[in-house]
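The form predicted on its own is given below as one chain in structure tokens.
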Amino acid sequence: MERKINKVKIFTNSSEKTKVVTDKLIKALEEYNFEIVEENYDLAISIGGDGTFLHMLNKANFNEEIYYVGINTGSLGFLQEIDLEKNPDFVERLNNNHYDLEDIYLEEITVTTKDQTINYTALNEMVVRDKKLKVLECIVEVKEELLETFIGDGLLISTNTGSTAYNVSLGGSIISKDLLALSLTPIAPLKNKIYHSLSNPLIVSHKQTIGITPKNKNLVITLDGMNHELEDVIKIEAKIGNKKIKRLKLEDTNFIKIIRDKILGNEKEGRDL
């Protein structure tokens, strides 16, 4: 069978461990006659933590024709699932097409301002805040149905993939990786006898669009950790669309085990009661 992957681009962070792993990987790739290139590549490999994986996607402009894989040299590594010590045959399996591909759907964001309409893409989440970090006041709709007038520090809309990222720190719900949905999580909402903002996360179907109409017109929208300052914002809409990436993996991963190991920090199969 003809090999599907021939040209590889590597994205790294600056840690010493990453440098060691990268040198080892390049040597192995060259032994199997893979080309290490900067453009027109079949496979993008990030070596580092989840931030490196997100950086790689942005640099590749979320190209759906490319395969993506992460090698973890960081701490948690939800997106970086390959460990070369546990998977020493990684390059050999690339050579033999012995791997699986997982479709990961992306969050598509449309921002309408006074002067233009801007389209963004995010893997994990979008965070909306006032540009000067004042209290954010906005109307929130789901599928064009009024949900609430939100008042608080901000709003986070995460994908199922991003539900284990910043969303967890805000007390948001963890969404199973095979459940296509968006999570709307409030950031420090005001809730008293005058204001009644929703204080719980809300999970909505991938078939629904979340709309935000802000009273504050100058905003900071953070997409996967990258800030975008926007003025005269009229409306923001977020949805799970048709865009997706293909993540390469070596085996099926147990989602519950990932939660147990990486969030709870309990690598044992159970606890003695």
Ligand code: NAP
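So that there is no doubt, residue numbering starts at 1 and follows the sequence shown. This one's a predicted model, so the numbers in the text were calculated from it and none came from an experiment.
Here the subject shifts to the form predicted together with this ligand, a form of this protein not shown in this document.
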Q. 41, 46 and 67: each with a heavy atom within 4.5 Å of this ligand in the predicted complex?
A. no
Q: Find the only residue in 210, 245, 29, 54 having a heavy atom within 4.5 Å of this ligand in the predicted complex.
A: 54
Q: Report the residue, out of 97, 117, 75, 176, that has at least one non-hydrogen atom within 4.5 angstroms of this ligand in the predicted complex.
A: 75
Q: Mark residue 183 yes when one of its heavy atoms lies within 4.5 Å of a heavy atom of this ligand in the predicted complex, and no otherwise.
A: no
**Q.** Distance check, residue 165 to this ligand in the predicted complex, heavy atom within 4.5 Å
**A.** yes
Q: Flag residue 241 as yes or no: does it have a non-hydrogen atom within 4.5 angstroms of any non-hydrogen atom of this ligand in the predicted complex?
A: no
Q) residue 107 near this ligand in the predicted complex, any heavy atom under 4.5 Å? A) no
**Q.** Interface segment, criterion being heavy atoms within 4.5 Å of this ligand in the predicted complex, picked from 124-132, 97-105, 192-200, 146-154
**A.** 124-132
Q | in the predicted complex: members of 212-244 within 4.5 Å of this ligand, any heavy atom | A | 224, 225
